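We begin with a single chain expressed as structure tokens, specifically the form predicted on its own.
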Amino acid sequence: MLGGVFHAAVLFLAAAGLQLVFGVQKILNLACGSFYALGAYFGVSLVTWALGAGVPPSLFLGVLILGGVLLAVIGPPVERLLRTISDRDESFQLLLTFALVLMFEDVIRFLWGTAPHQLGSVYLLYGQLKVGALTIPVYNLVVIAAGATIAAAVGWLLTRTRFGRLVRAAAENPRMAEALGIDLARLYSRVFTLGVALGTVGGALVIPATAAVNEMGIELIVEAFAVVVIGGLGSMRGAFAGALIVGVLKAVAIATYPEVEMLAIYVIVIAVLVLRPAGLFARAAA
């Protein structure tokens, strides 16, 4: 169960970036999975370099988060590209962002090759916690706490700051916001970069517990869109609830009937589509 919450914490970060971009810019961004994969690969490289340069191993978590934040530099140029189709039909957005997914896969193969990359033993560097018969890696608890902290920080940013008020105004009525003097191009660039950072940090945080493989971006897209359907497109609260449902359900399925791991998730997705097509938290503010 705790493994499911760990997976939910990472999945929430990637899905939150997808939700944020759609909620404000109305762009269905399949490339969110590529940002997640890039964050994982870059995290492996940066931690390996940092440990080789003499950085204390106990600081690897900070290095991973720093790597995810630094990688958000790819956000503005990608946003400029996607801005050209932001007012087009959603099929154009899906086609272009899927093309980006394929291009980023080639970039990963070019920079890191096709072999899996992993961080070795750092996953257990923070020790393990014994609770009865259970042994829980402390790193899992740290990532869950980090995910909750980032979620709270994003919520504070969107509801308690001037930037958040501008974002909500642009999401509600972009023409009115622009007429009132808000620089939408600059605002959209910042929002998209924030969405990229959430995805890259999510990918960086998961990598001590698994290996970076080229297909991990596609797998993340499948789960992220399940989260979006369950929670409701454009809803941050929906992203949180959807990630928790998908993460825990996946963990329970793997522990009981691993053959139906994805089937269990998509039974819930179909049920939500039939009973509540707009999602459990439809039309919540971004």
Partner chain sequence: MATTRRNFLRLLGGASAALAARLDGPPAFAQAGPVKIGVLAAKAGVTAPVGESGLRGTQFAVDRINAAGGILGRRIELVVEEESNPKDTVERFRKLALQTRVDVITGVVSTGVGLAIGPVAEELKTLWLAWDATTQKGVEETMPKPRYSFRSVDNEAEAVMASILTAKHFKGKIKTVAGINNDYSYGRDNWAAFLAIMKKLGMGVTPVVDLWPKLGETNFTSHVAALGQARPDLIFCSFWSGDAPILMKQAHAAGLTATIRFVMTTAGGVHESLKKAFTPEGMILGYNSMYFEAPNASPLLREFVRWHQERFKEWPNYESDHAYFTLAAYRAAVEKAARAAGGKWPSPDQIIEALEGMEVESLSGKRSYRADHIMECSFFQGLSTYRNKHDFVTVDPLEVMSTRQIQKPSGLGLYEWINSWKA
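Numbering follows the first chain given and starts at 1. All figures in this text were calculated on a predicted structure; none of them were measured in a lab.
There is also a form predicted in complex with its partner chain; it is not shown, and the following applies to it.
> Answer yes if any heavy atom of T135 is within 4.5 Å of a heavy atom of its partner chain in the predicted bound form; otherwise answer no.
Flag for T135 set to yes.
> Is G113 near its partner chain? Define near as a heavy atom within 4.5 Å, in the predicted bound form.
Within the cut-off, so yes.
> Flag R80 as yes or no: does it have a non-hydrogen atom within 4.5 angstroms of any non-hydrogen atom of its partner chain in the predicted bound form?
Residue-level check for R80: no, no contact with its partner chain.
> Can you tell me if G120 lies within 4.5 angstroms of its partner chain in the predicted bound form, counting non-hydrogen atoms only?
Heavy-atom contact with its partner chain at 4.5 Å: present for G120.
> In terms of non-hydrogen atoms within 4.5 angstroms, which of the given stretches 148 to 156, 70 to 78, 202 to 210, 178 to 186 touches its partner chain in the predicted bound form?
Contact criterion met by 202 to 210 only.
> Which residue, V63, L51, L233, A251, is the contact with its partner chain in the predicted bound form, using a 4.5 Å heavy atom cutoff?
Contact residue from the list: A251.
> At a 4.5 angstroms cut-off on non-hydrogen atoms, which residues of 260 to 276 are near its partner chain in the predicted bound form? List them in order.
Those in contact are E261, M262.
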